[in-house]
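Shown next are two forms of a single protein chain, provided one at a time as structure tokens under the names structure 1 and structure 2.
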Structure 1
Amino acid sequence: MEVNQGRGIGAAGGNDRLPAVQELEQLIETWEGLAVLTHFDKPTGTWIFICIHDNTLGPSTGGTRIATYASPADGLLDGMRLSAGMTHKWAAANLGFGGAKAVLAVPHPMAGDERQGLLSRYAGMINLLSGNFLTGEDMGITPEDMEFLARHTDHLHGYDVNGRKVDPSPYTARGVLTGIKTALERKFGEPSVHGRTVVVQGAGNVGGHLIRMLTAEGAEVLIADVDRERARNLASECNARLIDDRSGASGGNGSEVFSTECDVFAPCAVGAILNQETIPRLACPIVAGSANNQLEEPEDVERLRERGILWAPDYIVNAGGAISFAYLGKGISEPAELFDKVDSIGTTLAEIFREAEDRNESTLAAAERRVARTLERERG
């Protein structure tokens, strides 16, 4: 994410105002989503965009991201792309939600009264939509922010029957684990991770849970994280190994995280890590991880196919948190029951793998067709 370079966010005047306005106009003119509720929060200089992408299957639902962008248009573009991704994620799971995402494009990091003022005005915007938009956490939102928002709006998701906020990460990790097993079964006829080598990039909220789950089931895990201390702690807790990363940058394209031989590469950090430079270096038959937007460009899915690498589409395999939230909304709070629901990702993914093979196409094409079918059926 770029830092704010002063081009637009918070700046009402200035020589470059017109191009910024044109950028916004162009984005809105070309977007295929339903609507964007936009507000400029004068006290903090924050652009707020609630991007409602689709409501075919139910209320438009997606997280709220707080970040600093180079321009308001960059924030809007991020919100638009993420909300379209949510439509895909929800339609693939087919659980009665549409896609949305909100972006609070802040000009600088905020704390205390300034942050709470912004959040309370944002909650007012959520309330304007009367339950047609439901939201939860995304990048830049803290548990304290969620607690504060909950005092100002009822239109949040991810709460258990006792009104406690639930952390989606263990459920997302469980979905990735199920996805890895489904991919192993497809490639080798055997889903067990026992004895398999898995490289996990990113030992954060999702990666940390995934590493614990994998090692508990007997997998050999190799960890790469730019936060060396976090990686080291997890490695010693779980008896996993660190990637011997002589490039010194666990995430960069030069990193050995891509060329380390393994059965599964599980990207659980940043997006765009599958690209022209990294794909030729991969030394694994399977890629399945939680990171959003793993492909840098659409052609990358063909690059993976040409190398015979089975890719589990990110929005299918990382839907565990979303699925658990959908069932929390139906009154199911028991973690074991929620984990069972998340395991439906395995069935969905197996069907996608089969369809892709039958049609001799990429797993992404099969996933997209599944989404289109679900939406078309509902639209009639």
Structure 2
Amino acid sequence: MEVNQGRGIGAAGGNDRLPAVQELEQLIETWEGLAVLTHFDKPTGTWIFICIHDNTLGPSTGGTRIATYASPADGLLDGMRLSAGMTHKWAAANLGFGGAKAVLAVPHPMAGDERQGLLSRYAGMINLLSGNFLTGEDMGITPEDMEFLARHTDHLHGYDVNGRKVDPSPYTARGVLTGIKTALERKFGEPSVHGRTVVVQGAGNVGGHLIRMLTAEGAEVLIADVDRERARNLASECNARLIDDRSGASGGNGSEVFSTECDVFAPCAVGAILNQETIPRLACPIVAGSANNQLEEPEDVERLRERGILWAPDYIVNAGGAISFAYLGKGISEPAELFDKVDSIGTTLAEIFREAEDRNESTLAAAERRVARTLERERG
């Protein structure tokens, strides 16, 4: 999974490493989180960052991401933002975990012994934290990777009572579907997706499940994905339509994603896709999707408000996987029961929408206040 194009990480010579280290130091010095465990994996040229943001509600917990970045600092910044998002996600759902995230910033795709060697050394770092960091899958991690990690560390989450690894993506998709319905009810007075047009950006694990759920309930779905073959196959399976997303997250003029008229735009790929360039081009009244860190900067939520676009805060609607994993840890393994727990996202989101309207503020402000209340209550 490549997040940013640019010079490969770890390929630079010794004299080029000093500026990179200084960038990392500056990021860590200005971060409000608890700690960053950093390691440069010399055999593979990979920078490993375990970002521990908060442990107020319980052990710091979040997925592991494997991706290529333009610089080590970009990888660290991604981990920091994602770990803060996990704190918000757990607190908004009032579940007993703190926020964390790990990023393995690889210089190139890896397989075989090279990949397993990296993962085994990463597992050693996890073990150093003695259960204060729990992790699961994120972008770039495969089920085989999780099986391998489970042989080297016990500090993982997302397993049922029989010790089987559970795929979080259907539960994340269910949460997004619930969020879309809640937003539709707020905007139009009717929660049904039947007959509604939804643009889904990203046809990966979560996006794919969401597309299937939407079409099963009678929505007209338009699919955009940089992997045209994957999108084409899914469109054929679900009787959906393809639109162009050549620009990926950049939202450049080659993409139809932002300018296609629809009832709901569901970003389910990379973050920072709502920004000064893309928001004026949106042709929808609702944005609700699974992508993390959708706003490029906080001011973007006000740009959405000015256009009358209802934005469902990302860490609220994409919490389905986290919620399901929390209840797996409590011994609930039946999918139907887990889906019922995930549907609580609708109640949470409806409360946020009402509070934002009552206070004449953004949905982001209302969501952040909810998070602050939970954390302050626990801190006493």
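Rigid core here is just the name for the largest C-alpha set that superposes within 1.5 Å across the two forms. These numbers come from a predicted model, not from an experiment. All residue numbers here refer to structure 1's sequence, counted from 1.
Between structures 1 and 2, only structure 2 derives from the form predicted alone.
Once you line up the core between structures 1 and 2, the Cα of C51 ends up 2 Å or more from where it was. With the core held fixed between structures 1 and 2, D78 has its Cα displaced by at least 2 Å.
Superposition on the rigid core between structures 1 and 2 places the CA atom of A35 2 Å or more away from its counterpart. Shown is the Cα shift of P107 between structures 1 and 2 after rigid core superposition, which amounts to 4.9 Å.
Overlaying the rigid core between structures 1 and 2 leaves the Cα of A67 displaced by 3.6 angstrom.
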